[in-house]
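Heads up, the chain below is alone and in the form predicted on its own; it's given as C-alpha coordinates.
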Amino acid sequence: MHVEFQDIHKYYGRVRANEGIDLTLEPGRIYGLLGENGAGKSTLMRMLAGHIEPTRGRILFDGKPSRGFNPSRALALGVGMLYQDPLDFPALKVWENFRLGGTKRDRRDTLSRLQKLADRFHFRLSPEEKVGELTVGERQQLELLRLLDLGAKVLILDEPTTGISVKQKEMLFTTMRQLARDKGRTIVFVTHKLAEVEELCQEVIVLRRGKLTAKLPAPFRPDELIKLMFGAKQEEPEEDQHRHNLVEENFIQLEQVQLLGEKYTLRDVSLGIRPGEILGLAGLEGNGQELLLRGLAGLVRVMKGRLIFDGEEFQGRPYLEFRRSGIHFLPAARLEHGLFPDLSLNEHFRLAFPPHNGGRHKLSPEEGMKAFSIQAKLSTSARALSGGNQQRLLLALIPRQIRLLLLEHPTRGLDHGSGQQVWSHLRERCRQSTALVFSSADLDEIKDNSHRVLIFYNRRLIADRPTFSISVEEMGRLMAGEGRAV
(Lines give C-alpha, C1' and ligand atoms only; values in the text may rest on other atoms or scores of the structure.)
Protein backbone atom coordinates (compact mmCIF):
# COMPACT_ATOMS: atom_id res chain seq x y z
CA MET A 1 0.00 0.00 0.00
CA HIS A 2 1.20 3.50 -0.93
CA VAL A 3 0.88 5.94 2.02
CA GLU A 4 1.34 9.70 1.77
CA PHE A 5 1.43 12.25 4.60
CA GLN A 6 0.61 15.72 3.29
CA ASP A 7 1.50 18.76 5.44
CA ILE A 8 0.69 16.98 8.70
CA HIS A 9 0.37 19.15 11.81
CA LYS A 10 -0.72 18.01 15.26
CA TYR A 11 -1.07 20.48 18.13
CA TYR A 12 -1.96 19.93 21.76
CA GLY A 13 -2.60 23.47 22.92
CA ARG A 14 0.77 25.21 22.51
CA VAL A 15 2.64 21.93 22.13
CA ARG A 16 3.45 21.10 18.50
CA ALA A 17 3.81 17.32 18.37
CA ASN A 18 4.09 17.23 14.56
CA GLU A 19 4.70 20.17 12.28
CA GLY A 20 4.54 20.29 8.48
CA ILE A 21 5.41 16.66 7.79
CA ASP A 22 5.42 15.55 4.15
CA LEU A 23 6.34 11.90 3.79
CA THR A 24 5.74 9.02 1.39
CA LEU A 25 5.87 5.31 2.26
CA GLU A 26 6.13 2.84 -0.60
CA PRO A 27 4.96 -0.79 -0.72
CA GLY A 28 7.59 -3.46 -0.25
CA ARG A 29 9.86 -1.26 1.88
CA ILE A 30 11.01 -1.45 5.50
CA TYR A 31 11.42 1.97 7.10
CA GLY A 32 13.21 2.70 10.37
CA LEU A 33 11.62 5.56 12.32
CA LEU A 34 14.08 7.29 14.64
CA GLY A 35 13.92 10.27 16.99
CA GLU A 36 14.51 11.17 20.60
CA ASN A 37 11.65 10.93 23.10
CA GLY A 38 9.13 13.65 22.33
CA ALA A 39 10.24 13.93 18.69
CA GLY A 40 6.71 13.10 17.45
CA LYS A 41 7.20 9.48 16.35
CA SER A 42 4.31 8.05 18.38
CA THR A 43 1.99 10.90 17.42
CA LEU A 44 2.66 10.41 13.71
CA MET A 45 2.16 6.65 13.90
CA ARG A 46 -1.00 6.98 16.01
CA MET A 47 -2.43 9.21 13.29
CA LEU A 48 -1.57 6.56 10.71
CA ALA A 49 -3.26 3.92 12.88
CA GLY A 50 -6.40 6.04 13.27
CA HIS A 51 -6.17 6.76 17.00
CA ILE A 52 -5.89 10.54 16.63
CA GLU A 53 -6.67 13.05 13.88
CA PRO A 54 -4.30 15.66 12.44
CA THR A 55 -4.90 19.26 13.39
CA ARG A 56 -4.11 20.06 9.78
CA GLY A 57 -3.13 18.05 6.70
CA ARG A 58 -4.23 14.65 5.46
CA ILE A 59 -3.10 11.06 4.95
CA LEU A 60 -3.66 9.36 1.59
CA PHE A 61 -3.88 5.59 1.05
CA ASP A 62 -3.17 4.58 -2.55
CA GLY A 63 -3.95 8.17 -3.54
CA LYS A 64 -7.27 8.36 -1.67
CA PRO A 65 -7.71 10.55 1.44
CA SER A 66 -9.03 8.91 4.59
CA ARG A 67 -12.43 10.07 5.78
CA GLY A 68 -13.99 9.32 9.15
CA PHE A 69 -10.67 7.73 10.09
CA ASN A 70 -10.51 5.66 13.29
CA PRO A 71 -8.72 2.46 14.41
CA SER A 72 -11.45 0.25 12.96
CA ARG A 73 -11.30 2.04 9.62
CA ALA A 74 -7.50 1.90 9.64
CA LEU A 75 -7.57 -1.85 10.27
CA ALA A 76 -10.09 -2.32 7.48
CA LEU A 77 -7.70 -0.47 5.16
CA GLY A 78 -4.89 -2.76 6.31
CA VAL A 79 -3.01 -0.63 8.87
CA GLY A 80 -1.94 -2.55 11.96
CA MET A 81 0.16 -1.26 14.87
CA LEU A 82 2.07 -3.25 17.48
CA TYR A 83 2.51 -1.05 20.55
CA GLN A 84 5.20 -1.24 23.24
CA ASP A 85 2.39 -2.07 25.69
CA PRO A 86 0.15 -4.42 23.69
CA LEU A 87 -3.55 -3.66 23.45
CA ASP A 88 -5.14 -6.85 24.71
CA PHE A 89 -7.60 -8.22 27.25
CA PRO A 90 -5.71 -9.83 30.16
CA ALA A 91 -8.77 -11.74 31.41
CA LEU A 92 -9.22 -13.56 28.06
CA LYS A 93 -7.28 -16.59 26.90
CA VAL A 94 -4.53 -16.41 24.28
CA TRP A 95 -6.65 -17.90 21.49
CA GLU A 96 -9.59 -15.60 22.36
CA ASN A 97 -7.37 -12.51 22.08
CA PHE A 98 -5.89 -13.82 18.84
CA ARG A 99 -9.23 -13.85 17.02
CA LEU A 100 -10.32 -10.36 18.14
CA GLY A 101 -11.08 -7.97 15.30
CA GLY A 102 -11.14 -10.64 12.61
CA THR A 103 -13.79 -12.70 10.92
CA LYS A 104 -15.74 -14.99 13.22
CA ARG A 105 -14.08 -18.40 13.46
CA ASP A 106 -14.72 -21.35 15.67
CA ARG A 107 -12.20 -22.41 18.30
CA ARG A 108 -10.69 -25.19 16.18
CA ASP A 109 -9.97 -22.94 13.19
CA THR A 110 -8.58 -20.20 15.46
CA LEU A 111 -6.23 -22.63 17.21
CA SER A 112 -4.99 -23.95 13.86
CA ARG A 113 -4.21 -20.48 12.48
CA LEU A 114 -2.57 -19.41 15.74
CA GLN A 115 -0.35 -22.49 15.82
CA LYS A 116 0.80 -22.08 12.21
CA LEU A 117 1.82 -18.47 12.73
CA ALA A 118 3.46 -19.17 16.11
CA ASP A 119 5.53 -22.00 14.57
CA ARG A 120 6.70 -19.63 11.86
CA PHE A 121 8.25 -17.35 14.51
CA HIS A 122 9.26 -20.08 16.94
CA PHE A 123 6.99 -18.45 19.54
CA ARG A 124 5.77 -20.71 22.34
CA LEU A 125 2.33 -19.54 23.43
CA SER A 126 -0.15 -21.73 25.28
CA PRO A 127 -3.58 -21.10 23.67
CA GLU A 128 -5.52 -21.78 26.88
CA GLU A 129 -3.42 -19.51 29.10
CA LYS A 130 -4.88 -16.18 30.16
CA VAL A 131 -3.11 -13.20 28.63
CA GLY A 132 -2.76 -11.57 32.04
CA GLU A 133 -0.39 -14.40 33.01
CA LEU A 134 1.96 -13.80 30.06
CA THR A 135 5.15 -11.79 30.23
CA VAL A 136 5.39 -8.45 28.41
CA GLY A 137 7.40 -10.10 25.63
CA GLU A 138 4.86 -12.89 25.17
CA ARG A 139 2.03 -10.38 24.94
CA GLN A 140 3.93 -8.53 22.21
CA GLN A 141 4.36 -11.81 20.36
CA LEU A 142 0.64 -12.55 20.53
CA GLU A 143 -0.32 -9.09 19.27
CA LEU A 144 2.11 -9.36 16.36
CA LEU A 145 0.59 -12.70 15.34
CA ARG A 146 -2.92 -11.22 15.55
CA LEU A 147 -2.03 -8.31 13.26
CA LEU A 148 -0.43 -10.62 10.71
CA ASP A 149 -3.49 -12.85 10.80
CA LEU A 150 -5.67 -9.81 10.07
CA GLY A 151 -3.64 -9.24 6.90
CA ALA A 152 -2.11 -5.85 7.69
CA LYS A 153 -0.72 -4.22 4.53
CA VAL A 154 0.97 -1.46 6.53
CA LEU A 155 2.58 -2.84 9.67
CA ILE A 156 3.83 -0.46 12.38
CA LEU A 157 6.16 -2.08 14.92
CA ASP A 158 6.89 -0.01 18.04
CA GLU A 159 10.01 -1.40 19.75
CA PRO A 160 9.06 -4.99 18.80
CA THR A 161 12.31 -6.67 19.89
CA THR A 162 11.91 -5.81 23.58
CA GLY A 163 11.46 -9.03 25.52
CA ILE A 164 12.05 -11.57 22.76
CA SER A 165 15.05 -13.83 22.33
CA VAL A 166 17.90 -13.38 19.87
CA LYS A 167 16.66 -16.29 17.76
CA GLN A 168 13.10 -14.97 17.80
CA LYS A 169 14.40 -11.57 16.69
CA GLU A 170 16.29 -13.17 13.81
CA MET A 171 13.13 -15.01 12.74
CA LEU A 172 11.08 -11.81 13.11
CA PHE A 173 13.51 -9.89 10.90
CA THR A 174 13.50 -12.69 8.32
CA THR A 175 9.71 -12.62 8.25
CA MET A 176 9.61 -8.83 7.96
CA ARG A 177 11.89 -9.02 4.94
CA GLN A 178 9.69 -11.70 3.39
CA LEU A 179 6.53 -9.70 4.04
CA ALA A 180 8.04 -6.63 2.39
CA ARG A 181 9.72 -8.44 -0.51
CA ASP A 182 7.19 -11.16 -1.37
CA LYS A 183 3.92 -9.72 -0.08
CA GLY A 184 4.52 -6.04 -0.82
CA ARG A 185 3.88 -4.97 2.77
CA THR A 186 4.87 -1.50 3.97
CA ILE A 187 6.65 -1.82 7.31
CA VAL A 188 7.53 0.98 9.73
CA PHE A 189 9.99 -0.12 12.39
CA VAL A 190 10.08 2.28 15.37
CA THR A 191 13.17 1.70 17.48
CA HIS A 192 15.96 3.35 19.44
CA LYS A 193 18.52 0.71 18.50
CA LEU A 194 20.61 1.94 15.60
CA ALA A 195 22.15 -1.51 15.08
CA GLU A 196 18.69 -2.94 14.39
CA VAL A 197 17.96 -0.19 11.86
CA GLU A 198 21.22 -0.98 10.08
CA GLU A 199 20.42 -4.69 10.08
CA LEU A 200 16.80 -4.55 8.92
CA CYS A 201 15.78 -1.30 7.29
CA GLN A 202 16.11 -0.10 3.70
CA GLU A 203 15.38 3.52 4.57
CA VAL A 204 15.42 5.58 7.75
CA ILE A 205 13.09 8.44 8.70
CA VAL A 206 14.36 10.84 11.38
CA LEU A 207 12.12 13.19 13.37
CA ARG A 208 13.34 15.93 15.68
CA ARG A 209 11.12 18.22 17.72
CA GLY A 210 8.08 17.30 15.67
CA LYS A 211 9.66 17.91 12.27
CA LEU A 212 11.01 15.61 9.59
CA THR A 213 14.78 16.14 9.51
CA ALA A 214 15.83 13.37 7.11
CA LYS A 215 14.77 10.40 5.00
CA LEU A 216 17.86 8.44 4.02
CA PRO A 217 18.48 5.19 2.11
CA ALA A 218 20.75 2.45 3.43
CA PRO A 219 23.63 2.16 4.24
CA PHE A 220 23.47 4.36 7.34
CA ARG A 221 26.17 5.98 9.43
CA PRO A 222 25.34 5.79 13.17
CA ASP A 223 27.17 9.04 13.98
CA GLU A 224 25.18 10.87 11.30
CA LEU A 225 21.88 9.44 12.58
CA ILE A 226 22.68 10.48 16.15
CA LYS A 227 23.48 14.01 14.98
CA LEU A 228 20.17 14.18 13.06
CA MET A 229 18.24 12.90 16.09
CA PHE A 230 19.81 15.10 18.75
CA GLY A 231 21.22 18.05 16.84
CA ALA A 232 24.79 17.33 17.93
CA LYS A 233 26.93 14.33 18.61
CA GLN A 234 26.15 12.88 22.02
CA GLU A 235 29.04 12.68 24.42
CA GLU A 236 29.69 9.21 25.72
CA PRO A 237 29.85 8.92 29.52
CA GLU A 238 33.32 8.99 31.01
CA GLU A 239 34.75 5.79 32.43
CA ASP A 240 33.08 5.22 35.77
CA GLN A 241 35.89 4.93 38.29
CA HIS A 242 33.34 3.76 40.81
CA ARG A 243 33.29 0.43 38.96
CA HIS A 244 36.74 -0.31 40.37
CA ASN A 245 36.32 0.87 43.98
CA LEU A 246 33.77 -1.40 45.65
CA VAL A 247 33.87 -2.55 49.24
CA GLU A 248 34.61 -6.25 49.69
CA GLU A 249 31.82 -7.23 52.08
CA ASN A 250 28.49 -8.51 50.76
CA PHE A 251 25.41 -7.07 52.44
CA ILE A 252 23.11 -9.42 50.50
CA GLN A 253 23.77 -13.13 50.34
CA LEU A 254 21.85 -15.92 48.58
CA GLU A 255 22.76 -19.47 49.58
CA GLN A 256 21.33 -22.31 47.47
CA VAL A 257 18.09 -20.36 47.03
CA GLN A 258 15.13 -21.91 45.22
CA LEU A 259 12.43 -19.48 44.00
CA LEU A 260 8.91 -20.58 43.13
CA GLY A 261 7.19 -18.62 40.35
CA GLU A 262 3.78 -19.05 38.72
CA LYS A 263 5.20 -20.86 35.70
CA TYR A 264 8.52 -22.35 36.77
CA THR A 265 11.09 -22.69 39.54
CA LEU A 266 14.58 -21.16 39.67
CA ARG A 267 16.92 -23.45 41.59
CA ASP A 268 20.28 -23.36 43.35
CA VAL A 269 21.09 -19.65 43.20
CA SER A 270 24.11 -18.67 45.27
CA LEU A 271 25.62 -15.19 45.03
CA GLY A 272 26.57 -12.09 47.00
CA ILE A 273 25.88 -8.42 46.31
CA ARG A 274 28.03 -5.57 47.62
CA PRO A 275 26.98 -2.00 48.41
CA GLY A 276 27.24 0.16 45.29
CA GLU A 277 27.56 -2.83 42.97
CA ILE A 278 25.72 -3.07 39.63
CA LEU A 279 24.66 -6.54 38.45
CA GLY A 280 23.26 -7.05 34.95
CA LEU A 281 20.99 -10.06 34.35
CA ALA A 282 21.15 -11.62 30.86
CA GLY A 283 19.01 -14.42 29.54
CA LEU A 284 16.26 -15.26 27.12
CA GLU A 285 12.89 -14.35 28.55
CA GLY A 286 11.50 -16.88 30.98
CA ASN A 287 14.85 -18.33 32.02
CA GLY A 288 15.03 -16.98 35.55
CA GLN A 289 16.10 -13.34 35.65
CA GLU A 290 12.52 -12.20 36.30
CA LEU A 291 12.21 -14.58 39.26
CA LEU A 292 15.51 -13.47 40.77
CA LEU A 293 14.45 -9.81 40.72
CA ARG A 294 11.10 -10.63 42.31
CA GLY A 295 12.71 -12.93 44.85
CA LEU A 296 15.06 -10.14 45.94
CA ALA A 297 12.03 -7.83 46.17
CA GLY A 298 10.05 -10.28 48.32
CA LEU A 299 7.41 -10.78 45.63
CA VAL A 300 7.94 -14.52 45.05
CA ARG A 301 8.40 -17.27 47.58
CA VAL A 302 11.77 -18.69 48.64
CA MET A 303 11.16 -22.46 48.78
CA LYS A 304 14.63 -23.46 49.95
CA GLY A 305 17.92 -21.87 50.92
CA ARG A 306 18.80 -18.66 52.72
CA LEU A 307 18.22 -15.04 51.66
CA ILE A 308 20.26 -12.81 53.95
CA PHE A 309 20.21 -8.99 54.24
CA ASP A 310 22.70 -7.43 56.65
CA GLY A 311 23.07 -10.68 58.52
CA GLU A 312 19.32 -11.26 58.92
CA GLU A 313 17.43 -14.05 57.15
CA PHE A 314 14.59 -12.62 55.05
CA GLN A 315 13.12 -15.73 53.42
CA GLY A 316 9.47 -16.02 54.39
CA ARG A 317 9.12 -12.38 55.40
CA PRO A 318 6.30 -10.26 53.89
CA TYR A 319 6.88 -7.88 51.02
CA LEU A 320 6.42 -4.78 53.20
CA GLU A 321 9.43 -5.76 55.32
CA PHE A 322 11.56 -5.83 52.16
CA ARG A 323 10.28 -2.34 51.31
CA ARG A 324 10.97 -1.00 54.79
CA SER A 325 14.50 -2.40 54.58
CA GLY A 326 15.25 -0.14 51.61
CA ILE A 327 14.47 -2.43 48.66
CA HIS A 328 12.66 -0.98 45.63
CA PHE A 329 11.47 -2.82 42.49
CA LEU A 330 10.60 -1.32 39.08
CA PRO A 331 8.60 -3.72 36.85
CA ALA A 332 8.64 -3.88 33.05
CA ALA A 333 4.83 -3.74 32.83
CA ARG A 334 4.52 -0.03 33.52
CA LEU A 335 0.77 0.58 33.49
CA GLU A 336 -0.18 -2.84 34.86
CA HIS A 337 2.22 -3.06 37.80
CA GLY A 338 4.12 0.21 38.16
CA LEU A 339 1.72 3.14 37.75
CA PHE A 340 -1.93 4.08 38.32
CA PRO A 341 -3.15 4.64 34.73
CA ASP A 342 -5.84 7.22 35.57
CA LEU A 343 -3.94 9.19 38.22
CA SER A 344 -2.12 12.37 37.22
CA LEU A 345 1.62 12.90 37.43
CA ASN A 346 1.05 15.25 40.35
CA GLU A 347 -0.91 12.55 42.21
CA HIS A 348 1.85 10.00 41.58
CA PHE A 349 4.46 12.34 43.06
CA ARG A 350 2.25 13.11 46.07
CA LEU A 351 1.81 9.39 46.75
CA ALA A 352 5.51 8.63 46.37
CA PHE A 353 6.67 11.68 48.37
CA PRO A 354 3.80 12.63 50.72
CA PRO A 355 3.87 16.17 52.16
CA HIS A 356 4.19 14.97 55.76
CA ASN A 357 7.48 13.23 54.90
CA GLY A 358 9.44 16.47 54.78
CA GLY A 359 13.15 16.99 55.09
CA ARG A 360 16.03 17.29 52.70
CA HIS A 361 15.19 14.10 50.78
CA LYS A 362 11.69 15.25 49.85
CA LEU A 363 11.20 15.66 46.08
CA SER A 364 8.64 18.08 44.70
CA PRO A 365 6.68 17.17 41.54
CA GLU A 366 8.34 20.04 39.68
CA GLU A 367 11.81 18.82 40.67
CA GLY A 368 10.98 15.28 39.59
CA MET A 369 9.65 16.46 36.23
CA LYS A 370 12.74 18.55 35.60
CA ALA A 371 15.25 15.95 36.79
CA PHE A 372 13.97 13.33 34.36
CA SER A 373 12.83 15.65 31.53
CA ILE A 374 9.25 14.37 31.66
CA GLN A 375 7.49 16.11 28.79
CA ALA A 376 3.93 16.56 30.04
CA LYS A 377 1.83 18.64 32.40
CA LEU A 378 1.42 17.68 36.06
CA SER A 379 -2.29 17.21 35.37
CA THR A 380 -1.64 14.59 32.65
CA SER A 381 -2.70 11.03 33.50
CA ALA A 382 -0.13 8.24 33.38
CA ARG A 383 -2.20 6.52 30.69
CA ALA A 384 -1.87 9.53 28.38
CA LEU A 385 1.95 9.59 28.53
CA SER A 386 4.15 8.12 25.82
CA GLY A 387 5.97 4.89 26.71
CA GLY A 388 9.21 6.80 27.21
CA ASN A 389 7.63 9.33 29.55
CA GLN A 390 5.95 6.55 31.53
CA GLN A 391 9.40 5.04 32.06
CA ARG A 392 10.82 8.41 33.09
CA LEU A 393 7.98 8.82 35.60
CA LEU A 394 8.69 5.41 37.14
CA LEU A 395 12.34 6.34 37.55
CA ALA A 396 11.46 9.72 39.06
CA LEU A 397 9.27 8.01 41.68
CA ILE A 398 12.11 5.91 43.10
CA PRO A 399 12.54 6.81 46.81
CA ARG A 400 15.52 8.98 47.62
CA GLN A 401 17.13 6.66 50.16
CA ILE A 402 17.19 2.98 49.21
CA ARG A 403 19.78 0.25 49.61
CA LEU A 404 18.84 -2.15 46.79
CA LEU A 405 17.28 -1.07 43.49
CA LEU A 406 15.81 -3.77 41.24
CA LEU A 407 14.84 -2.88 37.66
CA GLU A 408 13.39 -4.68 34.65
CA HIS A 409 14.52 -3.03 31.40
CA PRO A 410 15.41 0.37 32.97
CA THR A 411 15.75 2.22 29.63
CA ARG A 412 12.90 0.48 27.81
CA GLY A 413 11.27 2.99 25.47
CA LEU A 414 13.99 5.62 25.94
CA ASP A 415 16.16 7.07 23.19
CA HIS A 416 19.96 7.02 23.25
CA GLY A 417 20.39 10.37 24.96
CA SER A 418 17.68 9.72 27.56
CA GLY A 419 19.18 6.31 28.30
CA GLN A 420 22.53 7.95 29.02
CA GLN A 421 20.81 10.44 31.33
CA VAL A 422 19.10 7.61 33.25
CA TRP A 423 22.34 5.67 33.67
CA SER A 424 24.12 8.80 34.87
CA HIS A 425 21.45 9.09 37.57
CA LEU A 426 21.63 5.38 38.46
CA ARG A 427 25.43 5.41 38.71
CA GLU A 428 25.25 8.40 41.02
CA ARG A 429 22.94 6.41 43.30
CA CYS A 430 25.45 3.55 43.29
CA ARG A 431 28.23 5.95 44.29
CA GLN A 432 26.10 6.58 47.38
CA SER A 433 26.21 2.81 48.15
CA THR A 434 22.91 1.75 46.59
CA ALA A 435 23.27 -1.70 45.00
CA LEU A 436 21.56 -2.13 41.65
CA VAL A 437 20.36 -5.32 39.93
CA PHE A 438 18.75 -4.98 36.50
CA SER A 439 17.64 -7.11 33.57
CA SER A 440 17.85 -5.98 29.96
CA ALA A 441 17.32 -7.43 26.51
CA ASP A 442 20.13 -5.13 25.31
CA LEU A 443 23.43 -6.91 25.99
CA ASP A 444 25.40 -3.77 25.18
CA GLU A 445 23.53 -1.99 27.99
CA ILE A 446 24.56 -4.77 30.39
CA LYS A 447 28.16 -4.72 29.17
CA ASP A 448 28.47 -0.94 29.40
CA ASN A 449 26.94 -0.45 32.84
CA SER A 450 27.52 -3.53 35.01
CA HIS A 451 30.29 -4.63 37.33
CA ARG A 452 29.14 -8.23 36.91
CA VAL A 453 26.84 -10.10 34.56
CA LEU A 454 24.69 -13.04 35.67
CA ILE A 455 23.67 -15.29 32.78
CA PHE A 456 20.60 -17.53 32.86
CA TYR A 457 19.85 -20.56 30.71
CA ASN A 458 17.35 -23.39 31.05
CA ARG A 459 15.96 -21.68 34.18
CA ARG A 460 19.24 -21.77 36.03
CA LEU A 461 21.98 -19.29 36.83
CA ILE A 462 24.84 -20.67 34.74
CA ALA A 463 27.46 -17.89 34.87
CA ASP A 464 28.54 -15.08 37.19
CA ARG A 465 31.30 -13.08 35.48
CA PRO A 466 32.97 -9.68 35.79
CA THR A 467 31.85 -7.74 32.73
CA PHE A 468 35.41 -6.85 31.74
CA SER A 469 36.07 -10.60 31.27
CA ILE A 470 33.22 -11.38 28.87
CA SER A 471 32.18 -10.11 25.44
CA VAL A 472 28.66 -9.45 24.20
CA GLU A 473 29.10 -12.32 21.74
CA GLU A 474 30.00 -14.74 24.53
CA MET A 475 27.01 -13.59 26.57
CA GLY A 476 24.76 -14.37 23.62
CA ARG A 477 26.25 -17.84 23.17
CA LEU A 478 25.81 -18.72 26.83
CA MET A 479 22.22 -17.43 26.84
CA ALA A 480 21.48 -19.72 23.88
CA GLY A 481 23.02 -22.73 25.63
CA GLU A 482 26.19 -22.68 23.59
CA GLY A 483 29.67 -22.42 25.00
CA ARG A 484 30.96 -23.24 28.47
CA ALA A 485 29.52 -21.56 31.55
CA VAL A 486 31.93 -20.61 34.33
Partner chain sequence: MLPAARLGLSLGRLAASLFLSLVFTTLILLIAGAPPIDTFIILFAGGLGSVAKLAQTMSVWIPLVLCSSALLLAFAPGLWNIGIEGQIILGAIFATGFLRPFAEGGSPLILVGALLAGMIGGSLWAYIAGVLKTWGRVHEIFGGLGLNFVALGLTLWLIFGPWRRPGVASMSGTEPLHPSLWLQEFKGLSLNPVSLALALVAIGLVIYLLRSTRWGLSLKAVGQNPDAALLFGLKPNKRILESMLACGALAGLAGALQVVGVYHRLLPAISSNYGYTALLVTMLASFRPQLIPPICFFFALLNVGSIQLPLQLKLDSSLSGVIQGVLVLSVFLVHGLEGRFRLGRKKE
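Owing to the predicted nature of the structure, the values given are computational and were not obtained by experimental measurement. Between two forms, the rigid core is defined as the largest C-alpha subset superposing within 1.5 Å. Positions refer to the first chain, counted from 1.
There is another form of the same protein, the form predicted together with its partner chain; it is not shown, and what comes next is about it.
Comment: 325-333 is the region of 123-131, 325-333, 305-313, 141-149 lying near its partner chain in the predicted bound form, near meaning a non-hydrogen atom within 4.5 Å.
Taking non-hydrogen atoms only, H348 approaches its partner chain to within 4.5 angstroms in the predicted bound form. The closest heavy atom approach of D106 to its partner chain in the predicted bound form falls outside 4.5 Å. Among residues of the shown chain, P71 is not one whose heavy atoms approach its partner chain to within 4.5 Å in the predicted bound form. In the predicted bound form, its partner chain lies within 4.5 Å of some heavy atom of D342. Contact with its partner chain in the predicted bound form, judged by any heavy atom within 4.5 Å, is made by just one of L216, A352, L271, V166: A352. This chain appears without its partner; in the predicted bound form, the one residue of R267, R400, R208, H337 with a heavy atom within 4.5 Å of its partner chain is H337. Taking a 4.5 Å heavy atom cutoff to its partner chain in the predicted bound form, the contacting residues in 308-325 are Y319, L320, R323. In a rigid-core overlay of the protein, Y457 has its C-alpha displaced by under 2 Å between the shown form and the other one. Once you line up the core between the shown form and the other one, the Cα of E445 stays within less than 2 Å of where it was.
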